[in-house]
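This document starts with one chain, in the form predicted alone, laid out as C-alpha cells.
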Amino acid sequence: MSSTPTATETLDVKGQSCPMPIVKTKQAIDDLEAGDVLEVVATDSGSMSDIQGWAEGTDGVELLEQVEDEDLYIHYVEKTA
C-alpha cells in the first residue's frame, strides 16, 4: 500500500529546466483551491532542490513528498491557503 499523496492536478514539466518547473508550478498552484495537491512530474534533477526551496520560502504551500523514479522526479505540493 502506497503512502503517496493523492493529486488533484498533475503538471508535466518533463524536458524543461530551471527556472521553468518552478514558474509553472507557481502558476498551477495559483489556480488551485486550498487543500488541493499538485503532482509535478519533471526530468530535471535540479527540480528536487529547486521545488523544495521554493516551497519552504513560499507561504500557502507545503511540499508533501518527492519521489525519484529512474529519470523522473515527482513532487507533491499542497496548497494550504
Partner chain sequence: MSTETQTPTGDGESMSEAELEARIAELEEKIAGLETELGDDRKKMTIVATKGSLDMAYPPLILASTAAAFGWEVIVFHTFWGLDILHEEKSKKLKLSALGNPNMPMPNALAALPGMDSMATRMMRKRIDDNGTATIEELIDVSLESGVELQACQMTVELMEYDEDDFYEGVTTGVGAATALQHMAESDVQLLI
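Just so we're clear, the structure is a prediction, and the values are computed from it rather than from any experiment. Residue numbers count along the first chain shown, from 1.
A second form of this protein, the form predicted together with the partner chain, is not displayed here; the remarks below concern that form.
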* Residue among Leu63, Val23, Leu11, Val67 with a heavy atom within 4.5 Å of the partner chain in the predicted bound form -> Val23
* Examine Ser45 and determine whether its closest non-hydrogen atom to the partner chain in the predicted bound form is within 4.5 angstroms. => no
* Asked: Is there a heavy atom of Gly53 lying 4.5 Å or less from a heavy atom of the partner chain in the predicted bound form?
  -> yes
* Out of 14-32, which residues reach within 4.5 Å of the partner chain in the predicted bound form, heavy atoms considered? -> Gly15, Gln16, Ser17, Cys18, Pro19, Met20, Ile22, Val23, Lys26, Gln27
